[in-house]
Structure formats: structure tokens, C-alpha cells
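Shown next as C-alpha cells: one chain only, the form predicted alone.
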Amino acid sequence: MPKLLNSKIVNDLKKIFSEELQKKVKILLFRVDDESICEYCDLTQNLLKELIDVDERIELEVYDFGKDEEMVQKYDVQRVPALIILDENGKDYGVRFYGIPSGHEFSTLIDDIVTFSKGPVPNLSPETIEQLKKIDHEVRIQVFVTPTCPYCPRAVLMAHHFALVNDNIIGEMIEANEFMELSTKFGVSAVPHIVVNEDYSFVGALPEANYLNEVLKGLKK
């Protein structure tokens, strides 16, 4: 199979990682072997294999969605392919990718890896962090994206950084074309389309304060 990351991308990643990575980062991949069930599982694993070859501080663990039930339940994995990022101590901050992180979303994955290697510390205002810390029940923020959407990474990273603040928050990237039934369920017609706890949604890569306000509105539903 041809390489997914060309030499320029690999060299760029080596430079980024050499300058930015501080601690080890672990990526968990949940997949199945049946291509009729998961068309992009093999491609996602190949992409991650090439990525971990760039820097030894990035580690990959692969699990079978149908067989590794204990791990699936532990991380509440909903669908495949699923990526979960952990810090060097194995802490789960609720950061999820459902679907292959390709196109513009590849940059989201790289940004998350760098963030996790540094702590991770949320890149949010003190005011936003204060509001998020007050949330005392589970919040699931699903961000529907497509690989060609240049605005989607901002919306995904916002959800991921919200999750870093509070263990009650789960931030998920969902590749809209891979999970069409889910996209249809939530009426996704434009991306980024953000769904809060399955009963409130908004569209667009909003500024931080507006994004937070929309999420908080969703909690009142």
C-alpha cells in the first residue's frame, strides 16, 4: 500500500515534534476487521502506524471493537474507527475521534498530540475555564466534520479543550460522511455541526465565548 504521509509531511512532523513534544502520548485505536462494517478501519490504522514511526514518544494500542469488550466499556466506545488520546500516565480526558482524521482533521490530531504532550493544558480563557468547571453532570459534545472543511478543526479543538477542563465533558470529532445514519439523525447539512447531549445543536466554528454560550444553552434543554 502506498504511503499516506509523503516525505514533506514526515519532515514537517519531525520538526514539529522535535520542537513541541515534551512527554509521551498514547493513542488507542478501536477497530474491526470487517471492511463491510468499517470501511476506514484499515486506512486509519495505517495512518497511525506511519505517524508513530515519526516519533517514538507517540505510542499506539489497537483493540478489536467486537472482542475487547472490557476496553470498549471502559472507554465507552460508541463506533469504529475510534481514536482516544491519553497522556503519558494513561489518563483519559474525554478526547475522541470517530472516523479517520484525514484532510484538515489530520492537523487536529497533531494539535491534540502536542497539547497532550505538554500536560495537557486547555487553551482557553480563564472565564471559560471557570464556567466549564461548574458543570457537574456528563456532557457529550459531538462535532460533525468533513475532511475538506477548513473551519472544522477549530470547532473540534474547542470541544476537545473543553473536555480537558472537566472530566464530565466528552468532546468528539465525528466524520459526517462515514457515519451517515448519525448525520441524518441530527440533521447535519453543513459542517461543523455541533450537537450537545443529542438534543441541542448549532452550526459553525464560533468564537470561544459564543461556543461556550451555545454549549451551556444545550445543558438547559
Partner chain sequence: MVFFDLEAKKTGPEKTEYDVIIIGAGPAGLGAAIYSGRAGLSTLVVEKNIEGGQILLTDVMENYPGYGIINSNELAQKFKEHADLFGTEFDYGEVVKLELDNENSKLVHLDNGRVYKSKVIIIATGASPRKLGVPGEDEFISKGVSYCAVCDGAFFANKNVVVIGGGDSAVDESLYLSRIVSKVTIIHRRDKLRAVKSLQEKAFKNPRIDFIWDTVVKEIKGNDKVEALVLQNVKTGKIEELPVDGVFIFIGLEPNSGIFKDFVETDENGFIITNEDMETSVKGIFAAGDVRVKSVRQVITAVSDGAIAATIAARKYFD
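Numbering follows the first chain given and starts at 1. Just so it is clear, the model here is predicted, and its values are computed rather than measured.
The following text describes the form predicted together with its partner chain, which does not appear among the structures shown.
Novice: Work out which of the listed stretches, 155-163, 23-31, 66-74, 53-61, brings a heavy atom within 4.5 angstroms of its partner chain in the model of the complex.
Specialist: Selected range: 155-163.
Novice: Does its partner chain, in the model of the complex, lie within 4.5 angstroms of each residue among I37, P81 and I170, using heavy atoms as the measure?
Specialist: Not a single residue of the candidate spot has a heavy atom within 4.5 Å of its partner chain in the model of the complex.
Novice: Whether D111 contacts its partner chain in the model of the complex should be assessed with a 4.5 Å heavy atom distance threshold; does it?
Specialist: So D111 counts as contacting its partner chain.
Novice: Taking heavy atoms and a 4.5 Å cut-off, does L47 contact its partner chain in the model of the complex?
Specialist: Heavy-atom contact with its partner chain at 4.5 Å: present for L47.
Novice: Should V143 be counted as a contact of its partner chain in the model of the complex, where contact means heavy atoms within 4.5 Å?
Specialist: V143: no contact with its partner chain in the model of the complex.
Novice: Heavy atom to heavy atom, is A205 within 4.5 Å of its partner chain in the model of the complex?
Specialist: Output for A205 is yes: heavy atoms within 4.5 Å of its partner chain.
Novice: Sort through I85, L132, V139, C149 and report the residue having a heavy atom within 4.5 Å of its partner chain in the model of the complex.
Specialist: Flagged contact: C149.
Novice: If you apply a 4.5 angstroms heavy atom cut-off, which residues in 74-113 are near its partner chain in the model of the complex?
Specialist: Contacts from 74-113: I100, P101, S102, G103, H104, F106, S107, I110, D111.
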